[in-house]
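The chain that follows stands alone, in the form predicted alone, written as structure tokens.
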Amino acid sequence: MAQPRAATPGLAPEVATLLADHLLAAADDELVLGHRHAEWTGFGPDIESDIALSSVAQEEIGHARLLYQMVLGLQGRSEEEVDRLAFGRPPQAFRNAVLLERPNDGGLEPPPEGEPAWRGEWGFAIVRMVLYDRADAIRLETWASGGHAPLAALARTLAREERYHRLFAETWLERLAGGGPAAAARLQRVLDAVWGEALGLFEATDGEAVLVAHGLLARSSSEQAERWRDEVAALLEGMGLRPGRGPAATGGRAGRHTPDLTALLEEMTSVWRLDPEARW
């Protein structure tokens, strides 16, 4: 756990460290999911959705950069280290939720012979996007209502773009769910399969209770999860679907990941690793 080099105005060093750890998890969520979205470029079901999801991917990665910069500031480090923070860590140092590192086929079905797995299952990609973007919206509200002014301002900015991500995903989910019994049954299988890892989005980072007690977070992860369950249930029921069941599958916030993340990072960081000191 990095220690801040200098005190962050208004925050005790140990609290700044906990907030940096909390934001690192969120930044990793955005970076990893942004990369998964980017893998759809050129493979979407229609050109409009292809372009839209590519734009969403760019924005998620841009959001990750802003959050990494805030992490570096809380740690008393230079923002010039942002690429090293994003690309220079081993898988076990990432704190993203496991759901987001899953390949775009979700591991639900093997890809057709000769096709790479990441060409994917559009229904899985949309279900994951819906579940994540609802969770992210609640997280942004939590930051915006908290007592750390720079984070609250950033959250309000990010929320304006995230609103369109959510609209895109939920419009697609409704379209797929209305595609007949077979399509709805396929979506339900996806929901049932990913539900535990979706609940893992609300795995708390170490020291979250301290951040809540200091008023930096307006609500705890468990409180966010409760609201998310209610919102997602209402959304799904309106489309003839139902939430999954079972306990949360956690571990991502503690650095316990699947081989999927290792493979993703191997590809995502390949150019950066050619010369980490290069300025492109």
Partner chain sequence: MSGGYRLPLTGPVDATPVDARPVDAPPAEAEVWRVLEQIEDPELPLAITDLGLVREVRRDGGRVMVRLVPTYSACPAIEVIRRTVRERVAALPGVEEVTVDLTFDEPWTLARLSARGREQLRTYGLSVPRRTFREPATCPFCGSTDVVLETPFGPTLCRAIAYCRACRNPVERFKPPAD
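Positions refer to the first chain, counted from 1. Quick caveat, the model's predicted, so the values are computed rather than measured.
The following text describes the form predicted together with the partner chain, which does not appear among the structures shown.
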Within a 4.5 Å heavy atom cut-off, is H165 in contact with the partner chain in the predicted bound form? yes
Mark T41 yes when one of its heavy atoms lies within 4.5 Å of a heavy atom of the partner chain in the predicted bound form, and no otherwise. no
Even though the partner chain is not shown here, does E48 get within 4.5 Å of it in the predicted bound form, heavy atoms only? yes
Are any of the heavy atoms in E174 no more than 4.5 Å from a heavy atom of the partner chain in the predicted bound form? yes
Of the listed stretches (248-256, 224-232, 31-39, 61-69), which one has a non-hydrogen atom within 4.5 Å of the partner chain in the predicted bound form? 61-69
Spell it out for me: taking the partner chain in the predicted bound form, does every residue among A97, Q188 and A193 have a heavy atom no farther than 4.5 Å from it? no
Given that the partner chain is left out here, which of A198, L158, A125, A135 has a heavy atom within 4.5 Å of it in the predicted bound form? L158
The partner chain: the contacting residue among A184, V210, A153, A93 in the predicted bound form [heavy atom, 4.5 Å]: A153
Contacts with the partner chain in the predicted bound form - residues in 27-57 whose heavy atoms fall within 4.5 Å: E48, I51, A52, S55, V56
